[in-house]
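The chain below stands alone and is given in structure tokens; this is the form predicted alone.
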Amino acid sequence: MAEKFDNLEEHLEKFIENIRQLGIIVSDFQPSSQAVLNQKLNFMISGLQDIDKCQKQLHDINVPLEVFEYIDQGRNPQLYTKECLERALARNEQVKGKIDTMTKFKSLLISELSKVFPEEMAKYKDIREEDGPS
């Protein structure tokens, strides 16, 4: 899997370098540099074709759109993973708190109902024991 990314990274680095060189040529264009400019444009086209070939190897990779938003905002995309984990942890703590509260409520409710309706609660507990622990 990593070599797929390495291959793409290599092609992207070559493409970026070619674009950088193309920018230098264009910014100081001289009629005598037309042949070099044409060569760089052809390299750019072949670089895009190479990158497109890499797409076929990576078609099964899904990247959340939020990652691209992070990149567009100039933020480190690895922060997305960190923040997702932090949100999941916070949500997990909330749910655990609700579960603990409901467990305590169930115990208290059964205790109070046993005081008020001892016979019915005894039947309820017998039925629950027959069904198995839950």
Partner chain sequence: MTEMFSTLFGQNEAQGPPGSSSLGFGPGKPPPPIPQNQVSMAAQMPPQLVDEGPALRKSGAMNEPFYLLRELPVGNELTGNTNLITHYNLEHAYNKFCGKKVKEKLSNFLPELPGMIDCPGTQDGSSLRSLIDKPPVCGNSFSPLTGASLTGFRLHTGPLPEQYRLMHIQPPKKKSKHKHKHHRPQDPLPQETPSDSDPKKKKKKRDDDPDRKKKKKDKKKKKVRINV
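Definition used throughout: the rigid core is the maximal C-alpha set that superposes within 1.5 Å between two forms. Numbering follows the first chain given and starts at 1. Values in this document were obtained by computation on a predicted structure and should not be read as measured data.
Below, we refer to the form predicted together with the partner chain, which is not included among the displayed structures.
Taking non-hydrogen atoms only, I99 approaches the partner chain to within 4.5 angstroms in the model of the complex. The closest heavy atom approach of Q57 to the partner chain in the model of the complex falls outside 4.5 Å. N42 belongs to the set of residues with a heavy atom inside 4.5 Å of the partner chain in the model of the complex. Proximity of K82 to the partner chain in the model of the complex: non-hydrogen atoms within 4.5 Å are present. Contact annotation for 86 to 109: residues with any non-hydrogen atom within 4.5 angstroms of the partner chain in the model of the complex are E86, L89, N92, V95, K96, I99, D100, listed in sequence order. For V116, a C-alpha deviation of 2 angstroms or more is recorded between this form and the one not shown after rigid-core alignment.
Shown in the overlay between this form and the one not shown, fitted on the rigid core, is a CA shift at D72 of 2 Å or greater.
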